[in-house]
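A lone chain, given as C-alpha coordinates: the form predicted on its own.
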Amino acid sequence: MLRLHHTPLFSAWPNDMIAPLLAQSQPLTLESGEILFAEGSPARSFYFLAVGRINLIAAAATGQEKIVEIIQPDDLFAEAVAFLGGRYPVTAQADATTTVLEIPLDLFVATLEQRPLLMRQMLARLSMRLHFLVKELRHLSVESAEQRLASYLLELCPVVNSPAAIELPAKKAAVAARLGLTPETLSRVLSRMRKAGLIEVEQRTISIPDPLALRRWAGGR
(Lines give C-alpha, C1' and ligand atoms only; values in the text may rest on other atoms or scores of the structure.)
Protein backbone atom coordinates (compact mmCIF):
# COMPACT_ATOMS: atom_id res chain seq x y z
CA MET A 1 0.00 0.00 0.00
CA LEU A 2 2.74 2.44 -0.94
CA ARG A 3 0.09 4.80 -2.41
CA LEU A 4 -0.77 5.70 1.18
CA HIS A 5 2.28 8.01 1.07
CA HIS A 6 0.58 10.06 -1.65
CA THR A 7 -2.46 10.99 0.43
CA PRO A 8 -2.45 14.55 1.87
CA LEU A 9 -2.53 13.20 5.41
CA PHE A 10 0.47 10.89 5.12
CA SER A 11 2.58 12.73 2.53
CA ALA A 12 4.70 14.34 5.29
CA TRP A 13 5.18 11.14 7.29
CA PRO A 14 8.73 9.70 7.11
CA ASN A 15 9.09 6.00 6.38
CA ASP A 16 10.21 5.14 9.91
CA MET A 17 6.91 6.53 11.24
CA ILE A 18 4.54 5.07 8.70
CA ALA A 19 6.12 1.59 8.68
CA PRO A 20 4.88 0.61 12.18
CA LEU A 21 1.39 1.81 11.26
CA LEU A 22 1.39 -0.28 8.07
CA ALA A 23 2.70 -3.30 9.97
CA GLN A 24 -0.40 -3.20 12.19
CA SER A 25 -2.81 -2.55 9.28
CA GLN A 26 -4.55 -5.21 7.24
CA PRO A 27 -6.27 -5.38 3.83
CA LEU A 28 -9.96 -6.27 3.71
CA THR A 29 -12.03 -7.26 0.68
CA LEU A 30 -15.77 -6.57 0.48
CA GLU A 31 -18.37 -7.51 -2.10
CA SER A 32 -20.86 -5.01 -3.50
CA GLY A 33 -23.46 -4.13 -0.88
CA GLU A 34 -21.40 -5.39 2.05
CA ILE A 35 -21.21 -3.10 5.10
CA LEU A 36 -17.73 -2.12 6.29
CA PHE A 37 -19.00 -0.35 9.40
CA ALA A 38 -22.38 0.88 10.62
CA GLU A 39 -23.39 4.32 11.85
CA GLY A 40 -23.02 4.51 15.62
CA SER A 41 -20.76 1.48 15.94
CA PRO A 42 -17.52 1.76 17.95
CA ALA A 43 -14.66 3.09 15.84
CA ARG A 44 -11.39 1.22 16.11
CA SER A 45 -9.99 1.82 12.63
CA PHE A 46 -9.97 4.16 9.66
CA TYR A 47 -9.42 3.18 6.06
CA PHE A 48 -7.55 3.69 2.81
CA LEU A 49 -9.47 2.68 -0.32
CA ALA A 50 -7.25 0.71 -2.69
CA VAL A 51 -9.77 -0.67 -5.19
CA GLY A 52 -13.50 -0.20 -5.74
CA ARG A 53 -15.95 2.32 -4.28
CA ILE A 54 -17.40 3.04 -0.84
CA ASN A 55 -20.58 4.99 -0.19
CA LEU A 56 -20.78 6.88 3.09
CA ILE A 57 -24.44 6.87 4.13
CA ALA A 58 -26.20 8.88 6.84
CA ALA A 59 -29.67 8.28 8.22
CA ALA A 60 -32.01 11.30 8.16
CA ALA A 61 -34.56 12.08 10.87
CA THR A 62 -37.26 10.81 8.49
CA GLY A 63 -35.61 7.40 8.43
CA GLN A 64 -34.42 7.80 4.85
CA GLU A 65 -30.78 7.22 3.96
CA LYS A 66 -28.60 9.75 2.17
CA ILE A 67 -25.27 9.15 0.46
CA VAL A 68 -23.12 11.97 1.81
CA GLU A 69 -19.92 11.02 0.00
CA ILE A 70 -18.67 8.54 -2.60
CA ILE A 71 -15.15 7.42 -1.72
CA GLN A 72 -12.80 6.77 -4.64
CA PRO A 73 -9.54 4.76 -4.85
CA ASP A 74 -6.57 6.38 -3.06
CA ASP A 75 -8.88 8.21 -0.63
CA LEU A 76 -8.72 8.01 3.16
CA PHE A 77 -11.97 7.95 5.11
CA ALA A 78 -13.23 7.72 8.70
CA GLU A 79 -10.02 9.27 10.06
CA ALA A 80 -12.05 12.06 11.69
CA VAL A 81 -13.52 9.62 14.23
CA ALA A 82 -10.26 9.93 16.17
CA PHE A 83 -11.65 13.29 17.36
CA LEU A 84 -15.38 12.47 17.45
CA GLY A 85 -15.83 10.36 20.53
CA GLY A 86 -15.02 7.02 19.02
CA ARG A 87 -18.17 6.18 17.03
CA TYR A 88 -18.70 6.21 13.30
CA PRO A 89 -21.08 9.03 12.28
CA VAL A 90 -22.05 7.30 9.01
CA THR A 91 -22.38 3.82 7.49
CA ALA A 92 -19.78 2.68 4.95
CA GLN A 93 -21.06 0.33 2.25
CA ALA A 94 -19.18 -1.15 -0.70
CA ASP A 95 -20.64 -0.17 -4.08
CA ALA A 96 -18.49 -2.70 -5.97
CA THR A 97 -15.95 -5.38 -5.19
CA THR A 98 -13.70 -3.34 -2.94
CA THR A 99 -10.36 -3.61 -1.14
CA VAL A 100 -9.51 -1.32 1.76
CA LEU A 101 -6.57 -1.06 4.14
CA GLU A 102 -7.79 -1.09 7.74
CA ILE A 103 -5.58 1.22 9.86
CA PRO A 104 -5.74 1.04 13.68
CA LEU A 105 -6.90 4.29 15.26
CA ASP A 106 -5.15 3.82 18.61
CA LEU A 107 -1.67 3.60 17.07
CA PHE A 108 -2.49 6.49 14.72
CA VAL A 109 -3.60 8.73 17.59
CA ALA A 110 -0.57 7.77 19.70
CA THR A 111 1.71 8.81 16.84
CA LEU A 112 -0.10 12.13 16.42
CA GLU A 113 0.21 12.90 20.13
CA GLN A 114 3.99 12.51 19.87
CA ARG A 115 4.26 14.78 16.81
CA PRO A 116 2.52 18.19 17.16
CA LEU A 117 3.25 19.08 13.52
CA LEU A 118 1.40 16.01 12.32
CA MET A 119 -1.47 16.90 14.62
CA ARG A 120 -1.73 20.36 13.03
CA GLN A 121 -1.73 18.79 9.56
CA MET A 122 -4.52 16.49 10.65
CA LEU A 123 -6.59 19.39 11.95
CA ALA A 124 -6.05 21.26 8.69
CA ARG A 125 -7.37 18.25 6.78
CA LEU A 126 -10.44 18.06 9.01
CA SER A 127 -11.05 21.78 8.49
CA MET A 128 -11.01 21.23 4.73
CA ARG A 129 -13.49 18.36 5.12
CA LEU A 130 -15.78 20.59 7.21
CA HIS A 131 -15.65 23.27 4.52
CA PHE A 132 -16.60 20.64 1.94
CA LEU A 133 -19.59 19.45 4.00
CA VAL A 134 -20.83 23.01 4.57
CA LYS A 135 -20.62 23.60 0.83
CA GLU A 136 -22.56 20.40 0.17
CA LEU A 137 -25.26 21.44 2.64
CA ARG A 138 -25.66 24.74 0.83
CA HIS A 139 -26.00 22.92 -2.49
CA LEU A 140 -28.71 20.64 -1.15
CA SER A 141 -30.67 23.39 0.58
CA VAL A 142 -30.74 26.25 -1.94
CA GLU A 143 -29.79 24.93 -5.38
CA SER A 144 -32.15 23.49 -7.97
CA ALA A 145 -31.71 19.98 -9.32
CA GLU A 146 -30.12 21.43 -12.46
CA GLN A 147 -27.66 23.50 -10.43
CA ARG A 148 -26.72 20.56 -8.19
CA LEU A 149 -26.00 18.27 -11.12
CA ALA A 150 -24.16 20.93 -13.12
CA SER A 151 -21.99 21.81 -10.11
CA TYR A 152 -21.25 18.13 -9.54
CA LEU A 153 -20.26 17.53 -13.17
CA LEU A 154 -18.08 20.63 -13.21
CA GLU A 155 -16.31 19.48 -10.02
CA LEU A 156 -15.43 16.23 -11.81
CA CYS A 157 -14.39 18.11 -14.96
CA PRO A 158 -10.58 18.33 -15.34
CA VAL A 159 -10.72 21.54 -17.42
CA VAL A 160 -13.07 24.53 -17.64
CA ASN A 161 -12.21 26.14 -20.98
CA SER A 162 -12.12 23.19 -23.40
CA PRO A 163 -14.14 20.04 -24.17
CA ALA A 164 -13.88 17.30 -21.57
CA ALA A 165 -15.13 13.78 -20.89
CA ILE A 166 -15.75 12.49 -17.38
CA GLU A 167 -16.90 9.20 -15.93
CA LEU A 168 -19.45 9.15 -13.15
CA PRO A 169 -17.73 7.66 -10.09
CA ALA A 170 -20.73 5.45 -9.24
CA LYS A 171 -24.00 4.15 -10.62
CA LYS A 172 -26.54 6.81 -11.52
CA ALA A 173 -28.77 5.81 -8.59
CA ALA A 174 -25.89 6.41 -6.17
CA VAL A 175 -25.04 9.75 -7.81
CA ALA A 176 -28.70 10.78 -7.54
CA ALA A 177 -28.73 9.92 -3.83
CA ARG A 178 -25.48 11.81 -3.37
CA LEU A 179 -27.14 14.93 -4.84
CA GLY A 180 -30.38 14.55 -2.91
CA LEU A 181 -32.34 13.64 -6.05
CA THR A 182 -34.43 10.70 -7.11
CA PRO A 183 -33.04 8.60 -10.00
CA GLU A 184 -36.00 9.77 -12.10
CA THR A 185 -35.17 13.43 -11.48
CA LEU A 186 -31.51 12.81 -12.33
CA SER A 187 -32.52 11.18 -15.62
CA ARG A 188 -34.82 14.09 -16.50
CA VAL A 189 -32.12 16.68 -15.80
CA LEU A 190 -29.56 14.73 -17.84
CA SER A 191 -32.07 14.58 -20.67
CA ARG A 192 -32.65 18.35 -20.54
CA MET A 193 -28.90 18.97 -20.57
CA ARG A 194 -28.49 16.63 -23.52
CA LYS A 195 -31.31 18.28 -25.50
CA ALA A 196 -29.73 21.69 -24.80
CA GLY A 197 -26.49 20.45 -26.37
CA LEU A 198 -24.58 20.83 -23.10
CA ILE A 199 -23.61 17.18 -22.62
CA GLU A 200 -23.49 13.82 -24.37
CA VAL A 201 -24.16 10.67 -22.37
CA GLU A 202 -22.80 7.20 -23.07
CA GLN A 203 -23.59 4.95 -20.11
CA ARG A 204 -21.49 6.43 -17.26
CA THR A 205 -19.31 8.57 -19.54
CA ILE A 206 -20.44 12.17 -19.96
CA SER A 207 -18.89 14.46 -22.55
CA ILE A 208 -19.05 18.21 -21.96
CA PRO A 209 -18.33 20.15 -25.18
CA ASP A 210 -18.22 23.52 -23.40
CA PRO A 211 -17.93 23.50 -19.56
CA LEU A 212 -18.35 27.28 -19.43
CA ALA A 213 -21.66 27.01 -21.28
CA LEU A 214 -22.82 24.41 -18.76
CA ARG A 215 -21.87 26.76 -15.92
CA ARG A 216 -23.78 29.66 -17.54
CA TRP A 217 -26.83 27.42 -18.11
CA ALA A 218 -26.88 26.32 -14.48
CA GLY A 219 -26.49 29.93 -13.31
CA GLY A 220 -29.66 30.89 -15.13
CA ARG A 221 -31.85 28.19 -13.57
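Just so we're clear, the structure is a prediction, and the values are computed from it rather than from any experiment. Residue numbers here begin at 1 and follow the sequence given.
From this point on, the text means the form predicted together with the DNA, which you will not see here.
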Check: For this chain shown on its own, do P169, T205 and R215 all sit within 4.5 Å of the DNA in the predicted bound form, going by heavy atoms?
Finding: no
Notebook entry, point to check: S41, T182, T29, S162: which sits within 4.5 Å of the DNA in the predicted bound form by any heavy atom?
Noted result: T182
Check: the DNA isn't shown here, but in the predicted bound form which of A196, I35, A173, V51 has a heavy atom within 4.5 Å of it?
Finding: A173
Note to self: Under a 4.5 Å heavy atom criterion, is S127 part of the interface with the DNA in the predicted bound form?
What the structure shows: no
Check: Any of the heavy atoms of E146 lying within 4.5 Å of the DNA in the predicted bound form?
Finding: yes
Check: Would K66 show up as a contact with the DNA in the predicted bound form if we use heavy atoms at 4.5 Å?
Finding: no
Next item on the list: With the DNA left out here, work out from 42-50, 66-74, 154-162, 173-181 which stretch has heavy atoms within 4.5 Å of it in the predicted bound form.
Entry: 173-181
